[in-house]
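First, one chain by itself in structure tokens, the form predicted on its own.
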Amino acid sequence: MVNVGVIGCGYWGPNLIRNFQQNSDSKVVKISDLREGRLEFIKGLYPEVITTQDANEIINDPNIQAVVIATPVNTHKDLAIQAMRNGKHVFVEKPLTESIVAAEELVSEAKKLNKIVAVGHIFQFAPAVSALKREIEAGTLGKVYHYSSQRINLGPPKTTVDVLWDLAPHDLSIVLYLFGESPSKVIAHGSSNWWEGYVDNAHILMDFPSGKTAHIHLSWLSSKKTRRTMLFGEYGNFEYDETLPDESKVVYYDKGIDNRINAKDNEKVNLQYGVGEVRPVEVVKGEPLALEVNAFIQAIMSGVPPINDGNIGMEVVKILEAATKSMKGI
């Protein structure tokens, strides 16, 4: 049994606490937050758990093996390093840190101390994304060409980061996971419309060493929640809509183009093109956060890093920083 301490129980913290409590191999024993009201709320849900306003009571507790950090991003590095130096493995909510320098320091420290670092890139554990990864590895698309996504919704009532740092980590972790490589070029454009001082509509363009490309559109400007991804390849394309039921989340469209249009005598035949086979892709049911939490606990028990380890977290931060500089013309 892995004893867990959770630092931060704001919006996302209670979801993490619930899943660590429900996992058969972990137990939440202590929770901290600076706000007394949040601790009272958690105490009402889990009266057996110790609560405190001092995170050090978790970091220094010898009976805790893993620390979950769900605090503002500018606190992630220091809390994680302190926890690891006190013998703890760490789960850090996304993004890993607020700069690539901080991310590199955190990951380097984890390697030196032989500690597991997991980053809250939950969509790496979304069953639909797992289905896409499986289909790519099976060769369904042949050569993969392009990733395109839209992640759009109304922005938060209060924010300390722009739309890029809020929403992009999801798609960046997905594309890094699916492509298995890091971009060689990052260009971004953004504008501030409703959120004065913060970019609330942005586009990221990426080129990869293999020739693949990606485009991500992020926005806080629509009351209609959009979570749409398309993946294009040699033989066809996948469409993935996270807002749909599991049985229709992922659809494959076969290329279906009549090869005769490429023939030398194509003027003598009936030229035609159209969609070939259209089929839903099987998506295994499962709560992504529960799968992510379990992967972290199993990584601690086995010593094998999870797929959402510090390296992919660091790469996401590197792209976010490059995109931010590109938007500023740096």
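Quick caveat: nothing in here was measured; it's all calculated off a predicted structure. When you see a residue number, it is the position in the sequence shown, counting from 1.
Another form, the form predicted in complex with a small molecule, is not on view; read the next lines as being about it.
- This chain appears without its partner; in the predicted complex, the one residue of Asn237, Ser148, Thr71, Asn86 with a heavy atom within 4.5 Å of the small molecule is Thr71.
- Screening Lys27, Arg35, Arg279, Lys43 for any heavy atom within 4.5 Å of the small molecule in the predicted complex leaves a single hit, Arg35.
- Stretch 120-128 is the contacting one of 197-205, 120-128, 239-247, 215-223, since its residues have non-hydrogen atoms within 4.5 Å of the small molecule in the predicted complex.
- Although the partner is absent here, Ala55 lies within 4.5 Å of the small molecule in the predicted complex, judged by heavy atoms.
- The small molecule in the predicted complex comes within 4.5 Å of a heavy atom belonging to Glu93.
- Ile319 falls outside the set of residues with a heavy atom inside 4.5 Å of the small molecule in the predicted complex.
- Contact between Ile7 and the small molecule in the predicted complex is found at the 4.5 Å heavy atom cutoff.
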